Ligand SMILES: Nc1nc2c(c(=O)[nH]1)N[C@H]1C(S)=C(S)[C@@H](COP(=O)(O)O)O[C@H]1N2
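The chain below stands alone and is given as C-alpha cells, in the form predicted alone.
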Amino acid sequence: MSQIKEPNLPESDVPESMARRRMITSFSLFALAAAIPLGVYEWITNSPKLYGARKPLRRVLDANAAIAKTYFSNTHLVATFPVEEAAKKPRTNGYDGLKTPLPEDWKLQIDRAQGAPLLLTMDDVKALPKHEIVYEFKCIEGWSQVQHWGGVRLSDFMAKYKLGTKSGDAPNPESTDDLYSYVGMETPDKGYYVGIDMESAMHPQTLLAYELNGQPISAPHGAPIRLIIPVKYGVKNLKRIGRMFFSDTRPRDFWAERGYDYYVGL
C-alpha cells in the first residue's frame, strides 16, 4: 500500500486551538531532547514521516492504541446524565468540511463490497428506531460539555442495510472474521474525513445523529446527519456525513494526517 502523502497545511490555516496544541507538542519535544541522548533525538527528528508524524512517534501512538484496544469493551458505557443537565446552547467547534453549502441533492452514500453504492435519504435513516443520549462531549482541546443527541445506532443501521461485512450479511459481533476492521467517513466536499475502528463503531452508544436538544441539528453542528461516538474525542465525531465505506486498511483521517493520534479513544 502506498504511503499517504503528508498534506501541506500552512500555519495560517491551523485553528488557534490546534496551534496551541502544536506549541505544547514543541515543548514536549524540547523536554524529550533534554531527557535522551542527542543522537537519538536527532534520529527521531530526521526520520521519515508516517501518516503525518515522525515514524518513531507514530509507532508509539500506534502502540498506545493497541494497548487501549485490549481493555475496550462494548459493555463499557460512558456516563449519561438527566436531560435537564444538557447545555441549552451546545458549543460548536471546527468548520472543516462545512465551508461549502450542503448539496441540495444530498444523499448518504454507502459504499459496499458487492453491488452499487447505496444512496439513502434522511427518511431511510429515520425509519430505524430512534435512540437518545445525554453525555459529556469531550474535545481533545481540553473542554467538555454535557450535550443531548438523538439518532439511530450505527450498529442498527449496519444491521438493517447489511453493512460492514465481507459476506454481505448483517454484522454479527461474534463473527469477527467477517467484519471489516474500519469504517471510513467523509463530508460531501471531502474536506474532513475520519477512520473509526470497527469495535468503536459497533459500540451501542455510537449514533448517526440528526437531533440536538430534540431539534434537527443545525448546519454548524453537522446537518443533516453526523457521527456521535461517545467513546472517542470530538475530532472523530464527523459532521455532515456524505459518504461511508468499510475497509481492512486504515482509512485516511484528517487530524492523524497532521500528526495526531489515530485512535483518540477516551
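Since the model is a prediction, treat every value here as computed from it, not as a measurement. One rule holds for the numbers: they count along the sequence shown, beginning at 1.
Below: the form predicted together with this ligand, not depicted.
K.L.:
Note which of Y161, Y95, F81, W106 lies within 4.5 Å of this ligand in the predicted bound form, where distance is taken over heavy atoms; exactly one does.
P.N.:
Here the answer is residue option Y95.
K.L.:
If you check in the predicted bound form, do F137, W143 and K239 all have a non-hydrogen atom within 4.5 Å of this ligand?
P.N.:
Yes, each of F137, W143 and K239 comes within 4.5 Å of this ligand in the predicted bound form.
K.L.:
Please identify, from 161-169, 119-127, 184-192, 81-89, the stretch that has a heavy atom within 4.5 Å of this ligand in the predicted bound form.
P.N.:
Of the options, only 184-192 has residues within 4.5 Å of the partner.
K.L.:
Contact with this ligand in the predicted bound form for K232, defined as at least one heavy atom pair within 4.5 Å: yes or no?
P.N.:
Heavy-atom contact with this ligand at 4.5 Å: absent for K232.
K.L.:
Taking this ligand as it sits in the predicted bound form, is P216 in contact with it (heavy atom to heavy atom, 4.5 Å or less)?
P.N.:
No, P216 is distant from the partner.
K.L.:
Is there a non-hydrogen atom of P220 within 4.5 angstroms of a non-hydrogen atom of this ligand in the predicted bound form?
P.N.:
Output for P220 is yes: heavy atoms within 4.5 Å of this ligand.
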